[in-house]
Each structure stands twice: as C-alpha cells, then as structure tokens.
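Presented as structure tokens, the chain that follows is alone, the form predicted alone.
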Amino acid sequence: MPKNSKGREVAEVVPGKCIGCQLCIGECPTNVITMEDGVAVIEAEGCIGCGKCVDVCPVEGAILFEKQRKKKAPKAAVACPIEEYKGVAVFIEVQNGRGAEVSWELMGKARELAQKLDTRVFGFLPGYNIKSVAKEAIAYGCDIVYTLDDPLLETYLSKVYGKALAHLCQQVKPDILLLGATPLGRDVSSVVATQLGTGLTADCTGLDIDPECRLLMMTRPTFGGSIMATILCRNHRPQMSTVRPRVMKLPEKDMQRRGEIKKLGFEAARDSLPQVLEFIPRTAEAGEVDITRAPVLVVVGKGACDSKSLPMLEELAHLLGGTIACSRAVIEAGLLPYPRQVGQTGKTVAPKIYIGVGVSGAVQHLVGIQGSDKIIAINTDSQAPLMQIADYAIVGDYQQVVPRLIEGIKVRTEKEASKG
C-alpha cells in the first residue's frame, strides 16, 4: 500500500476500475479527492488514511486501501486468583450523618447471597465520625464492618471516595460488591470498577446466585425495558452491581446482633484535591413530596391523563393517607412534575398500597413498583399487563369507579368516627 512523505499509508484509486461516481469526493473529510478525465484522484500528501472513501465506493477494488485493525487492549488481570476473593460486601452510603436506607436494603439481600455461598457479609464504610453508623450496619446484618474514618471523607469527592472504596476492595478482596444506585453510588461505582478493572452492572432489579457456577446473577431491564437480561461477571472480581432504592426489602433491625468493626488505614494525596470552601445541603422545594416514602400511592397513567380528573384522584389519595404519582406519559403531557414519576426512568417505590388508574403497566413501569405490598389496578382493558399482576383488578372506566371508591371510603370513615 502506498505511503506519503510522512510515512502514512494512504488510499490510491485504480483508474481502470473507477466509474467516476464521485461518492468518494463527498465523503472525504480532508477534501483531497478531485476528478481528472472522469477518474477520481487522491492527493497523497493530504490523505489521512481514514478509509472512508473505500467504505463508500460502490466498485470493489476501485480504491486500494487496507484499514488498520485496532489492536485489542489486553484484558485487565485481577490482582490475585479469583478463588482468593471471598464474602459479600455492601458499600454503606452516609447521608446527613446516617446510613442511607438503600444500604440497609442491600444488607438484607447480601445476607441471602452470603448464605447461598456459605460466606460472610462485609460493610465498607468510608466517612468521618461514623462509629454509630458502623454499629447500625451490624444490626442490619453485617458480620464485619471495615471503616475508613478520615476528615477528608466527611464530604463526598469522587476521586477520594473512589480511591477509598477501591482500597477497601484491594485489602479485603470481596467476591461481590453491592452499591445503592443513588447519585453518589452511581458516580463512585464507575470510578471503583475502572480502578479495579472489573465489570459493573447498573440498576439491577434482581440478584441471585447461580447454583452451578456460584456466580452472581445480576438481572436488569435492557433494550428500553422490553426484556430482562441476566448478566454474569466470570473473569474479574469483585462482581459489582448497583441497585435502586426500594427494590430490595428492608430487613429487620436487631440491635442485639454482634459483629466486628475494623478500622483500616487510608492516605489520600491531599495537595492534589479540590478544596471544599462551602457545602450547601439540598433543601426540599415548597410543596415537594417524596413519593418513595408514601404509604399509599394513587398513580395516574396514560388512560387517566386528564387535568380535570386530577383533583378527584388527589382526593382519593388524601382519603387513604397517601399522595399522587404518575407514569411517564403524564410527565410528558405536562400534568405533573418529574419527581412524581414512577418507573425505570423515574423513582422506584414500595408503598403498602399502590393504586394504578389507567396505567397499562409497561415493563419500565412494573420494574419501579415490584416492592409494593398490594397492587390495585383500574383499567378498561382487562388484558393490560398491570391488570394481570395486580392483587385486585377492577375492569371499568375510572371516572365511574373512583367516585364510588371515594364515596365508600367516606362512609366507612364516618362510621368509624361515630363509633369513636
């Protein structure tokens, strides 16, 4: 293959085969192809060897150029044999001086996984003045809590936390590492996976152990939520997964439980880090509601996407001591704000009672409500996915069904009040 004066391999036109279609001229990013006597000519000195002219040429062999194959990057080798990695670890996120609830939810799942592997549960706790959080971790199921207690870890910085968590993994060598899919967890998990050269499966909705190969089976929605994929990490450790809040059940807290707290050393290059001059905690906006903590949710779907019906549905939610939420279609219609959205692209919820009004139940939505204790669906379509999985399915027009529910609840409330 010809080269120019810079030693770069360049493309060359074969005059006898060129048909003069000029497609290569429009495709060339450096404009070094011209036409002479009906045949394309490539100016060698200006050619950058991108090969785009070859890709677009309709005649095989009209342009001589062989694209350089990219060398495959060598696989990152684990620091030690996979067999040496033991235990199920949970990254314990600290929010406002307390352990994040998603960390305790993962602790319950970690205990299930550890029992199947006949191993222990570890807590990875970086932070500052975190002794009380470490004790709480034991109460929720930790066998050993490894702490990194340093003033530098009081405020989250991805570079510091990433190094700290990677340091814990290198010292303890857990087989599995679970993290909450919070903004902090999503950020630090990618840093840790990159530093350790291992895989990371994000936003999992299911975790289990393959009984034959004893690998972590990480299940998550894919292809826009149309199918569920189960992913294995065979050749690297730890096996890392993030899980959204409210997907796993919160285990019971046992303050009588016993475990170990081990403080490990940690050093960060303080001089190379940004300095935090002021930290302003986020405050809830006026009228903002956290739908993840509501005991009852009345969820508005596309089939009830009508601004005139919202007051009626809000009344139903209020009578039940809950709040109103919605599916993605309602957000796109501009009827409710994004913080009210339930589902894969919204929030994962686990209310005691979920009432879906006009919600068809696409996979993306069902992923976000699987932790609900009781699901009630109201829809005219009896074959809608949500109707198939609901504990109670009411087939009918919500504009007729909901007023009767409201009336019945009011009558019952009045009767109970009169008895009191």
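All values reported here derive from a predicted model rather than from experimental measurement. Residue numbers here begin at 1 and follow the sequence given.
Absent from the display: the form predicted in complex with a small molecule. The rest refers to it.
Asker: Taking the small molecule in the predicted bound form, would 170, 185 and 242 all count as contacting it (heavy atom within 4.5 Å)?
Answerer: No, because 170, 185 and 242 lack any heavy atom that approaches the small molecule to within 4.5 Å in the predicted bound form.
Asker: Name the residue from 126, 141, 343, 180 that puts a heavy atom within 4.5 Å of the small molecule in the predicted bound form.
Answerer: Contact with the small molecule in the predicted bound form is made by 343 alone.
Asker: Contact with the small molecule in the predicted bound form for residue 381, defined as at least one heavy atom pair within 4.5 Å: yes or no?
Answerer: Result yes; residue 381 sits at the interface with the small molecule in the predicted bound form.
Asker: Can residue 257 be called a contact residue for the small molecule in the predicted bound form at 4.5 Å between heavy atoms?
Answerer: Heavy-atom contact with the small molecule at 4.5 Å: absent for residue 257.
Asker: Using 4.5 Å between non-hydrogen atoms, is residue 364 touching the small molecule in the predicted bound form?
Answerer: Although the small molecule is absent here, residue 364 would touch it in the predicted bound form, with heavy atoms inside 4.5 Å.
Asker: At the 4.5 Å heavy atom threshold, is residue 303 in contact with the small molecule in the predicted bound form?
Answerer: It does: once the small molecule is placed as it appears in the predicted bound form, residue 303 has a heavy atom within 4.5 Å of it.
Asker: Looking at 93-101, 230-238, 323-331, 149-157, which one sits within 4.5 Å of the small molecule in the predicted bound form if you count heavy atoms only?
Answerer: Single hit among the candidates: 323-331.
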